[in-house]
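Read the single chain below, which is given as structure tokens and is the form predicted alone.
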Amino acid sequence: MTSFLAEGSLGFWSVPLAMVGQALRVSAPYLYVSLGETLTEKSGRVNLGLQGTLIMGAMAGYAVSSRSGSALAGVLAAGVVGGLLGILHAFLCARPKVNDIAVGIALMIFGVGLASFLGRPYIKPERVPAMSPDISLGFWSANETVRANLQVNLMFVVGVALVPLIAWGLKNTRWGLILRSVGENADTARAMGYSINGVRLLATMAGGVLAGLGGAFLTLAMQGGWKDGLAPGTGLMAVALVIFARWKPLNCLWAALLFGGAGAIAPALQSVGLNEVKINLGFTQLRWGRYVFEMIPYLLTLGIMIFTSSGSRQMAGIPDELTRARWL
């Protein structure tokens, strides 16, 4: 243990330490998007457009931060852009016989395409924006590698703090009760005098704001820059994460860390110079390169969707309105 805390090589511990550090960083976008989708689905609406919202938030956050030199301005801009896309999604879905899924897919393509178009001047910016502050979780160690790997961004800490806050709000506040009532039975909520479209608009907007903040984390804290093809499929995987988490904010945190850990395998191995794993089976040899490891988050998503699917029983925790075909 002494050698682990002191300066010098970590040996065997390098890979698991790198995986933990990467998992803490990679999990933040999943956490923000999944919390946003949880709020949206609790109201009885699905928003598959959060992938587009995430990417638009990433581009807007970096662009505003680059122009202003303020990371806070970039984070706020990303949240505003995410909220506007959430409002657009809610407005379109409130129209008669409109399919939530189709609108979400359209806005996903729209968001990704618009971000690619508007973000071209910022792929190679002249000025690097000020990054949001980091917090060292490895302060207890004298080893520089430990401190570097256990350094997390303030936005990740804020995301973790939002988990119990959202869970408490859904369970103990009047707004949380109204939101859950609309998601469980819209007719009953309407009979009680609540505006179904109004509640869903606010929930979808809040979900968009959180997804936009997740995008800001990508460019301001995780990647340190904007580029096309950033975080492919993260928003869609976060929807699967919500199903896996059974629509509970606390479970979203554990699931986000799981997804983050899966996404951290390839970077962690590369950080110690291990780009390929060879397994000798006697009659043949398997060679697993970094592309195989990069597939793990997607394979995990597919496995979760298969595991949670059932033709004989309803998924536990699903808002009842999500089981109704409202667009027919």
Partner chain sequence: MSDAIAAANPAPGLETISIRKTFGSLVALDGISMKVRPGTLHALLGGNGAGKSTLVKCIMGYYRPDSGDIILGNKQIKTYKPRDAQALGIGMVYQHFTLVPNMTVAENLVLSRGNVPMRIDWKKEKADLRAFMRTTPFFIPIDSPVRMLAAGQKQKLEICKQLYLRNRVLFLDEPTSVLTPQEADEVLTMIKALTLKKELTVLMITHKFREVMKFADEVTVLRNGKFAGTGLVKDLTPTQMSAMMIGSETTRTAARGAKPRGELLLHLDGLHALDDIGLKALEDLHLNVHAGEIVGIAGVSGNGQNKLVEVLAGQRPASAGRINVHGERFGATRAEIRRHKVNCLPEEPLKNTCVGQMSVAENMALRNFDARPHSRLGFFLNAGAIKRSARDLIARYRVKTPSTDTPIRDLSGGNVQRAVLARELSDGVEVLIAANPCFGLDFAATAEIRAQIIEARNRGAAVLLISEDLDEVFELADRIVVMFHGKFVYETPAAEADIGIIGRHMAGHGEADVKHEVVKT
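Model, not experiment: these values are computed from the prediction. Positions refer to the first chain, counted from 1.
Here the subject shifts to the form predicted together with the partner chain, a form of this protein not shown in this document.
(message) Please tell me whether any heavy atom belonging to S195 falls inside 4.5 Å of a heavy atom of the partner chain, as the geometry stands in the predicted bound form.
(response) Because no heavy atom of S195 falls inside 4.5 Å of the partner chain in the predicted bound form, the answer is no.
(request) Would you check, heavy atoms only and a 4.5 Å threshold, whether L72 touches the partner chain in the predicted bound form? (result) L72 lies outside the contact set for the partner chain.
(request) Decide whether N185 counts as a contact residue for the partner chain in the predicted bound form under a heavy atom distance cut-off of 4.5 Å. (result) N185: contacts the partner chain in the predicted bound form.
(message) Contact with the partner chain in the predicted bound form for N251, defined as at least one heavy atom pair within 4.5 Å: yes or no?
(response) The answer is no: N251 has no heavy atom within 4.5 Å of the partner chain.
(request) Among 187-195, 157-165, 72-80, 207-215, mark the stretch whose residues have heavy atoms within 4.5 Å of the partner chain in the predicted bound form. (result) Only one stretch qualifies here: 187-195.
(request) Would you give me the residues of 150-180 that have any heavy atom within 4.5 Å of the partner chain in the predicted bound form, in order from first to last? (result) Contacts from 150-180: W168, K171, N172, T173, R174, W175, L177, I178, R180.
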